[in-house]
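Shown here is one chain on its own, the form predicted alone, set out as structure tokens.
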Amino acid sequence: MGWIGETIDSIKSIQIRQLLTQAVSLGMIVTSALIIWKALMCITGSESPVVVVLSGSMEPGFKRGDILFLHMSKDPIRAGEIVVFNVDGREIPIVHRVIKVHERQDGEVDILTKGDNNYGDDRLLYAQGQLWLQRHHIMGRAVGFLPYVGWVTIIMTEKPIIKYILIGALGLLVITSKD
């Protein structure tokens, strides 16, 4: 009959109790992932403890598709550190190096960033009229990375059909698996 026929027969033979067991198992997996993510947020002090490098602006140090691990401590931000920051009006965080830190008399710190592979600083990327980043823009400092692992995220974002096929296949696998 083939794989498709066997899968359809398997779905037809699922009983309510087995379906509920599968749904609870899936719910527990999703809940566990969220708990781990929240725990990482608390441990690292960063609103996003893991980010994917989406462009080549930090090459050769970090390439598109690398995953960065972030940590945000109370220590002052220094020139030369690689930070991930949000800009007002943009949803996607940016990974760049701090090139200048200006400490004001009121104790606040102004930060200027630049991509290692870019010609100029990031003032053109900042919100209109903004010349510096403040500490609240910084999501975290890069403390480690995994090369190329983030390509999975990039491919699923750029080609959504792959994401839907993968989710469908995983859902079908969960529904048809035997205990």
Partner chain sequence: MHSFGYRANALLTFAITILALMCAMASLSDNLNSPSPSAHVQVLNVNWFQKQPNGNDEVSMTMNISADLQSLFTWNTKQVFVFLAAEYETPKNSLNQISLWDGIIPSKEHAKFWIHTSNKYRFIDQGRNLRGKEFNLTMHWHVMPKTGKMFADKIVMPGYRLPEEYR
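C-alpha atoms forming the largest set that superposes within 1.5 Å between two forms make up the rigid core. Positions refer to the first chain, counted from 1. Just so you know, these numbers come straight off a predicted model, no measurement behind them.
Form predicted together with its partner chain: not shown, discussed below.
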(Q) Give me the residue from 28, 127, 146, 43 that has a heavy atom within 4.5 Å of its partner chain in the predicted complex. (A) 146
Q) Taking the partner as it appears in the predicted complex, which of 29-37, 48-56, 150-158, 136-144 has residues with heavy atoms within 4.5 Å of its partner chain? A) 136-144
**Q.** Interface membership of residue 64, its partner chain in the predicted complex, 4.5 Å heavy atom rule
**A.** no
Q | Any non-hydrogen atom of residue 101 within 4.5 angstroms of its partner chain in the predicted complex | A | yes
Q | Contact of residue 90 with its partner chain in the predicted complex (heavy atom, 4.5 Å) | A | no
(Q) Would you classify residue 71 as touching its partner chain in the predicted complex, given a 4.5 Å non-hydrogen atom cut-off? (A) no
**Q.** Contacts with its partner chain in the predicted complex, stretch 18-41 (heavy atom within 4.5 Å)
**A.** none
Q. Is it true that residue 106 shifts between this form and the one not shown by 2 Å or more at the Cα, once the core is aligned?
A. yes
